[in-house]
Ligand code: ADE
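Below sits a lone chain in structure tokens, taken as the form predicted alone.
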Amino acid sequence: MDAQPSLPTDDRLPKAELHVHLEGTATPTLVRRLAARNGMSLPEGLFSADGRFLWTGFLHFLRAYDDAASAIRTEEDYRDVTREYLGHCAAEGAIYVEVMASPDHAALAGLSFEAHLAGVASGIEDARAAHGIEARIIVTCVRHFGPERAIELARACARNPHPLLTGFGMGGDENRHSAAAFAPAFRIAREEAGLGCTAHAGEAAGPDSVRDVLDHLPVSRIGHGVRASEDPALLDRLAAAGTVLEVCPTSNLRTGVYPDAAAHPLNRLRDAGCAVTLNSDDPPYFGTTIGGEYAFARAGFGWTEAALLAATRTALEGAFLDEPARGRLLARLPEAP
């Protein structure tokens, strides 16, 4: 698919991101480099003639994502992917990012949970030293891999505490399994590993998906959550609870959840009192960046600089962070204009 035209970004404006899939941050250039380093061939048709990822629908996107992610195979690879992405974010003014890392993708390459975690953590530390950007890790289970695999990942988190591993989440097919089936995994993650919790809902599936997660999982945030806009009572519930929505506007347009910005409920969610943040999801696949999402909110939805700074503040307040780190980051925000 063609990339969305790039918009000018304000690199001075502090930004924060809570919803980005680590494997989905690797650019075509980096994927090619990792494949060469690992002596592997990438599938035909993964890239367009001008070097971008090539996909023509959501299922094709998932296949392209998995094909590209297969090039990320070693601890060193995960360090490089993390470091490069955070460097790009810092260049656009981001001061904080949470990366959703998938041990399941790493396991397909034969990499252990421990080595995967070490590689991502090393990349975060390198980026902090080089760019002053802060980051944390959300270990993400895959819904369509089933609740037993989610339990295994939650137990691995509890066995491998790390100061940079602060969250547990769930992605994958919303239409597979009920949220209640994952309650044991999230209980382990929350009570035994002490992690903050989030889950994808209300993207491919409707508001009932969001309600199902809220009813059964100990989440303080919802990944996407945009389909909650179809249910006024659910919007009231989200606003009253202060549940943070990790909204990814460009992603929602590119994957066909909404046809255009006019149909997207970003402003309706905010006007309903929901805690809304801006996120890039899988940036090189969707032709965006975290800076691009802030620029899109300004150009496509009429957000002022004050509204953009409020989204950054909301993200930092909802981040899976220790309080001293949260305070240091909040202190980096200017007064609202």
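The first residue of the shown sequence is 1; numbering continues from there. Please read these numbers as outputs of a predicted model, since none were measured by experiment.
Not on display, but discussed next: the form predicted together with ligand ADE.
Think of it this way: in the model of the complex, ligand ADE has a heavy atom of just one of Gly93, Gly171, Pro207, Pro265 within 4.5 Å, and the residue is Gly171.
Of the candidate stretches 198 to 206, 76 to 84, 211 to 219, 126 to 134, only 198 to 206 has residues with heavy atoms within 4.5 Å of ligand ADE in the model of the complex. Candidate site formed by Lys15, Glu246 and Ile290: none of these residues places a non-hydrogen atom within 4.5 angstroms of ligand ADE in the model of the complex. Interface residue remark: Leu42 is not counted as part of the site for ligand ADE in the model of the complex, having no heavy atom within 4.5 Å. Taking the partner from the other structure, ligand ADE in the model of the complex has no heavy atom within 4.5 Å of any heavy atom of Trp55. Of the heavy atoms in Ala36, none are within 4.5 Å of ligand ADE in the model of the complex. Using a 4.5 angstroms threshold between heavy atoms, Tyr65 counts as touching ligand ADE in the model of the complex.
Residues from 222 to 237 that approach ligand ADE in the model of the complex with a non-hydrogen atom within 4.5 Å are limited to His224.
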